[in-house]
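Below sits a lone chain in structure tokens, taken as the form predicted on its own.
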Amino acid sequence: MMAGWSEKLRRNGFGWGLVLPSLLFLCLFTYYPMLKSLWLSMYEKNLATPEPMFVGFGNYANLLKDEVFMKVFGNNIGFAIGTVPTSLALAFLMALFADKAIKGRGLARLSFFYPNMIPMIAVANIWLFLYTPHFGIMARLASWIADQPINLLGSPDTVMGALIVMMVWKEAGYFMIFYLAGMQQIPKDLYEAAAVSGVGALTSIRRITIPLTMPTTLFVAVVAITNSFKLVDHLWIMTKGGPNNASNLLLYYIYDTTFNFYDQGMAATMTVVMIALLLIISSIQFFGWDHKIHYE
């Protein structure tokens, strides 16, 4: 009896020893900052109050009255709506082409994935040049279509659309890799049986490929929505959130509030709101789609 418990303890201890370093990093850099942000969100801590003053849910109430926050929050929702479905659809089409291509399959995969290999700061500088009025090709194309000079990053009406185009170009190739892996797991005899039965290519995609890649779609959708809230490096290079906060996103506004306005209490409150929003959206996606997904 004792020998059995000793063997079980040794085996479990070895397993916990393997995961302990990762668990330690997870606690230090994920759970502790989350709990610290939750604690700070209950306090007023800024230049006017160097010593934290407990205000309960006062920061949350003030946040609802902050017009800039509401505008930034709306910007981020619109940014997610503009980037996520488009990136997923484009990634699916690229994966479909890369999977079915007879010639140049390796080149196609490399070409599609290459934008993801470029650091975001470099991507921001590249697209900043493309959007430069009078010189950038995208700016000249927009001016030709509108038949008048257009500053894509300088106008509140066009800046968010310009950033969405850049982000879709950057991320679609990354999501394509997951779709490509999912498509390669689909048994080929399903397509052969469909072809023998006289089913067309589009019907095969609708009836076979799309349903059997739904687990990939669920995973990629969660990652894409998370990225739409956390990828803000490009704002520092391209717009600084302007003009008039038209391109400002939630994480950049949190950074601005913390390090430029030194309002840690309000920044922590916005952080908690963002985390809660992402958890709610991810939960809705998972529990809403999970029972409709074919895992086998």
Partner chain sequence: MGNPLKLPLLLNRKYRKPLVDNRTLRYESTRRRILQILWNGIGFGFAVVWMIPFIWVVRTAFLPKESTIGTGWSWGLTFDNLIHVWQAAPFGQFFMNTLLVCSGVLVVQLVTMTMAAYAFARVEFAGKDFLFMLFLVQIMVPPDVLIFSNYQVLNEMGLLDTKLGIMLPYFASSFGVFLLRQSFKQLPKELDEAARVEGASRLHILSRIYVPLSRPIYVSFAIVSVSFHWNDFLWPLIVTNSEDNRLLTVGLAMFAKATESGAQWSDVCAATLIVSAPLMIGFLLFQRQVIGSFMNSGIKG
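Numbering follows the first chain given and starts at 1. This is a predicted model, so every value here is computed, not measured.
Omitted here: the form predicted in complex with its partner chain. The next part is about that form.
- The partner is absent here, but in the model of the complex a heavy atom of 93, alone among 193, 93, 81, 186, sits within 4.5 Å of its partner chain.
- Checking 67-75, 156-164, 128-136, 143-151 against its partner chain in the model of the complex, the stretch whose residues place heavy atoms within 4.5 Å of it is 128-136.
- In the model of the complex, its partner chain sits beyond 4.5 Å of every heavy atom of residue 54.
- Although the partner is absent here, residue 172 is a contact residue: one of its heavy atoms lies within 4.5 angstroms of its partner chain in the model of the complex.
- Although the partner is absent here, residue 40 is a contact residue: one of its heavy atoms lies within 4.5 angstroms of its partner chain in the model of the complex.
- In the model of the complex, its partner chain stays beyond 4.5 Å of every heavy atom belonging to residue 60.
- Although its partner chain is not shown here, in the model of the complex the stretch 214-233 places heavy atoms of 219, 230, 232, 233 within 4.5 Å of it, in sequence order.
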